[in-house]
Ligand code: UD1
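Shown next as C-alpha cells: one chain only, the form predicted on its own.
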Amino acid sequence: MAKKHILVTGGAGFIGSHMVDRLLKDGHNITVLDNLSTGSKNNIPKNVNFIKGDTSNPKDVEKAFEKKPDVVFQIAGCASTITSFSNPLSDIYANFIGTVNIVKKCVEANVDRFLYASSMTTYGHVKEIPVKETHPCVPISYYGITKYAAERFVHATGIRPDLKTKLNVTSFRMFNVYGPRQSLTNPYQGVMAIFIGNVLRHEPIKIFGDGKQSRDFVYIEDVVNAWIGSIDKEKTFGQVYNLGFGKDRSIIELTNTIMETLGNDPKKYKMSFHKERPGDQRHMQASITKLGNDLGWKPKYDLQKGLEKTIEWAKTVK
C-alpha cells in the first residue's frame, strides 16, 4: 500500500486509537480530530497531528482538512444506545451532523476514499440470525436511527454522478467490539469491559434483562485488520459490511466466562437483574460471509483468546 495521509476522526478513543497505531506502524501520516469527550490524549502518539475539535463544528472540520487527506476514517460519534434516549439532540449532532460535515468537506477537498463506522443497531430486531447485510434496517433506538441515517448519507454521496472526484465509500456495521483501552468504568460503553472491571474491583455485576439476550463479540485487532485491509481494495468500494466474529454469546455465558477466566466461581458471584432498557436488541449475530468473500478477511481471535488479552491489559489499569 502506498503511504498516505489519513484523517481519523475519534482517533483518541478506543477503536480510533487502535486504527492510528496500526496506520502509523504501516508508515502512514495521520491527523486525528477528537473532542476528547470519551477518548484520551494519552492514546495519541507524539508523531500524530492532533486537533482537539468536534465533527459537528464546521470550523474544527476545516482545520482537520488544512492538509488534504487521501483517506478518511469516520469513527467519531456517540456510542451509547441509552444516552441517545436521554439526549437525542446530542446524538444527532455527534452521529449524523458530524458525519455530514466530514463528508461535505471530503467532497469539497476531492478526497476519494471514505470509511465509515456504522452499527449493528441499524437492524433493530432481526428476524433470523446470523443477520445478513440484506436484512431490512428498522432501528429501534435513537442511536441506531442516527447511525443508519449517516450511513445512507455516506452512500448516497458515494453514488453521486456530479462529483468532480468520486468518493469511494465503505461502511462497516460494527457489532460488539472489545479489547484494550475500552472503558472499564463507563456503563454506557462496552458491556464486556464493564463486567471485567466489575470483577477486578470485586463489585457485583448488574445485568439488564434476563441475561439470555445474545451479542456477537469481535476483538479490536480483527476490526483494525478489516478496515485497513479495505483501504485500497476496490471490491469493497460502495459496500456495506457486517463486522463481527460470526458467533453469538448470551450475556450470562459472557459473565460466566469472564468470572471463570479471572478465577471466580459464577455460582457464588453476586449478580443482579434489572428491567430491560429501551432500544435493546434481543439477539445479534453477524453473517461475515460477504466481508470474507470480498476482502479475504476472517477473525483471528475467538472470545477466549481476545478476552485473555483484554484482561491482561485491564489488570494494569483497573
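Bear in mind the structure is a predicted one, so any value in this text is a computation, not a measurement. One rule holds for the numbers: they count along the sequence shown, beginning at 1.
As for the form predicted in complex with the named molecule, it is not shown, yet the points below apply to it.
At least one heavy atom of F195 is located within 4.5 Å of the named molecule in the predicted bound form. Although the partner is absent here, I207 sits close enough that one of its heavy atoms falls within 4.5 Å of the named molecule in the predicted bound form. Although the partner is absent here, I251 sits close enough that one of its heavy atoms falls within 4.5 Å of the named molecule in the predicted bound form. Interface residue remark: V131 is not counted as part of the site for the named molecule in the predicted bound form, having no heavy atom within 4.5 Å. Contact check for F114, T170 and T236: none of the three has a heavy atom within 4.5 Å of the named molecule in the predicted bound form.
Screening 63 to 71, 276 to 284, 258 to 266, 22 to 30 for residues having heavy atoms within 4.5 Å of the named molecule in the predicted bound form returns a single hit, 276 to 284. Scanning M120, V199, L184, V103 against the named molecule in the predicted bound form with a 4.5 Å heavy atom cut-off leaves one residue, M120. Out of the listed residues N225, Q189, T157, N87, Q189 is the one that sits within 4.5 Å of the named molecule in the predicted bound form by at least one heavy atom.
If you take 31 to 65 and check each residue for a heavy atom within 4.5 Å of the named molecule in the predicted bound form, you get nothing at all.
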